[in-house]
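Form predicted alone, single chain, as structure tokens, below.
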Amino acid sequence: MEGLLTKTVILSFLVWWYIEFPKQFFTLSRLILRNILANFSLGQIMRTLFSPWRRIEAQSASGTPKDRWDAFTFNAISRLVGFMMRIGLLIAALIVVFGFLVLWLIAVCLWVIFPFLPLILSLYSLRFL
């Protein structure tokens, strides 16, 4: 009777470890990744990549060529600053997503081998006897 109970407990553990929890883990990982992407607003950043920074634009007060040139250069610089800030955000988003995926991959690998770790370490320690 004890042998059957032990087998049932071990089997239940392995079913939970390799089937039930990974489903929850992948669902949670997908939600975290979606949240990361939503917080960086990548779609909006791509749509407004060349928009002026903080929508700051200059209008020429009068129609003189100097005022129009000043407004043009100010708007060009504002767009350049906006472009640089948004590129910086895109790079930061890529770094965060890449870091998340690396940590996720490490977690998955550790999760798969962790139940066998005592056996692996025991066999490895026999080398030193």
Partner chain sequence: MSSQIGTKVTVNTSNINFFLAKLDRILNLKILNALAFPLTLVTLITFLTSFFLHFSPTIYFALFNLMALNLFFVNAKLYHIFKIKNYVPVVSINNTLSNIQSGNQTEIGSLLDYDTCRIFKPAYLSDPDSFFIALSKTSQVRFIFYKAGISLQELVGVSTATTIDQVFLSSAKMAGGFEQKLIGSSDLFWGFYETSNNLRRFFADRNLKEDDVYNLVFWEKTIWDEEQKKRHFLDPDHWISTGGIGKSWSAGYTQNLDIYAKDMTEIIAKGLARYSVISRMELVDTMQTILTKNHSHLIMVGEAGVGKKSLVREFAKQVLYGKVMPSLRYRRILELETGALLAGASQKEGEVELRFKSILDDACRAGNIILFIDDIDALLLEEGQGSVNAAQVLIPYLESGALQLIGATTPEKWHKICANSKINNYFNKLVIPEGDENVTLRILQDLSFQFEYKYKITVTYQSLKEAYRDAKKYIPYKAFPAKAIDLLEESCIKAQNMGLKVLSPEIIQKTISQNTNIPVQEASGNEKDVLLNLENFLHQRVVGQDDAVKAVANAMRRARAGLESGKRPVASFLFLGPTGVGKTELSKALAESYFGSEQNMVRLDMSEYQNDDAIYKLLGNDNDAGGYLTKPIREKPFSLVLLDEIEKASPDILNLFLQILDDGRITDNLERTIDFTHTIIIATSNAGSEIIRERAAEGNSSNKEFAKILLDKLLRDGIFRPEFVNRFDSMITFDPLSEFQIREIAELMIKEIQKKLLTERDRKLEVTSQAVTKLASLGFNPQFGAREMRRVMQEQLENFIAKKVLGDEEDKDTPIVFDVGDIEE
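Since the model is a prediction, treat every value here as computed from it, not as a measurement. Residue numbers count along the first chain shown, from 1.
Below: the form predicted together with the partner chain, not depicted.
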So which of A61, L103, L28, I95 gets a non-hydrogen atom within 4.5 Å of the partner chain in the predicted complex?
-> L28
Applying a 4.5 Å heavy atom distance criterion, does R54 contact the partner chain in the predicted complex?
-> yes
4.5 Å heavy atom contact, Y18 to the partner chain in the predicted complex = no
May I ask you to state whether F74 is within 4.5 Å of the partner chain in the predicted complex, using heavy atom distances?
-> no
So in the predicted complex, does I91 come within 4.5 Å of the partner chain, heavy atom to heavy atom?
-> no
So which residues in 18-44, when you check the partner chain in the predicted complex, have a heavy atom no farther than 4.5 Å from it?
-> E20, F21, Q24, T27, L28, L31, I32, R34, N35, A38, N39, F40, S41, Q44
